[in-house]
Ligand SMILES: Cc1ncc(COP(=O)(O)O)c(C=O)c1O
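A single chain comes next, written as structure tokens; it is the form predicted alone.
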């Protein structure tokens, strides 16, 4: 059998960890705090059913949904991105700079195809989104971690790393960060755009959670402060519409978007036109605003239930984030090996969680994140959250006794 390309070996360990993390999305007997999917109640089934009836009511209306589409995406959905997702948050854009992608993950792959050569440095938050870092490893990039605190990526450490490593790209999830839930502050957003311009480095602003805010005020995109074209924004419809639709978008400069269009043409020709047509109608009918309000109310209650349970039932030494939105709480239990105990906890308690150490890349101190967990609250009801965190907290207290 022919030998696999070197990139497969490069990404193998991260891919294995990612498979383990995403396996909890498929269900099973475990109560999963490790998943990252919307709640079942969050899917707008009735509205999608009605939209499908209209979209497929006849050949004339349904043709756009069943034929090959343009590589850039349906104009109607690109307009929805501009008018419903960007403009209300203060970012003016032209649809010629917006491309619809196959989910929010595809933009990472496209950026690597456009910019990354083997050995190029990408600066990533520590910890960072494992799916992103796995893709970067597939392209044989060298990952260098940047410190993260409760205000997001540390700009002083970032600038030090830029000067030392001369990176090709900086990757950030600035709003309700995955895995920690923290949000990059306003001043740091401005500074990040300045650093991108000053050092001529590309920034991928990955923002799939920003609409799902439960408290605090919406902050401008990092892209809002971009004067050089070095900040590329990617977003997703997975959390606000449906992950099964596999829809996302890129906003970039004229030159970059032309290159992305070439890459996409050679990758999959076009994004799923059926899903695009349905999503575009969802926005055109004016469903989005009420749906978003419903989502935020649903998840706010679940976040609050998780925070309350962590404070009530976990060991007193536990530290955790208090996210203003998104899907995740990041918890640390000093003195316990949450990585090593994951299987025991799954076997004895039927509970699983996101193993914190898997979100740390090479370049971090050995053993980083072993006392941490990523806890997802979006997919579980309040009573299930309380019951199972109470059970897990009691187990952890016994281990510390």
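No experiment lies behind these values; they were computed from the predicted model shown. Positions refer to the first chain, counted from 1.
Although not depicted, the form predicted in complex with the named molecule is the subject of the following passage.
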Which of 330, 171, 282, 260 has a heavy atom within 4.5 Å of the named molecule in the model of the complex? 171
Interface check vs the named molecule in the model of the complex: of 152, 325, 315, 103, the one with a heavy atom inside 4.5 Å is 103
Quick one: is residue 246 in contact with the named molecule in the model of the complex, heavy atoms, 4.5 Å cut-off? yes
Evaluate residue 238 for contact with the named molecule in the model of the complex, applying a 4.5 angstroms cut-off between non-hydrogen atoms, and reply yes or no. yes
Consider residue 178 of the chain shown here, and say whether it contacts the named molecule in the model of the complex, taking contact as heavy atoms within 4.5 Å. yes
Taking the named molecule as it sits in the model of the complex, is residue 184 near enough to touch it, meaning that at least one heavy atom pair lies within 4.5 angstroms? no
Indicate whether the candidate residues 115, 136 and 231 are all in contact with the named molecule in the model of the complex, with contact defined as any heavy atom within 4.5 Å. no
Only one of 68 to 76, 271 to 279, 207 to 215, 140 to 148 gets a heavy atom within 4.5 Å of the named molecule in the model of the complex; which is it? 207 to 215
Using a 4.5 Å cut-off on any heavy atom, which residues of 370 to 399 would contact the named molecule in the model of the complex? none
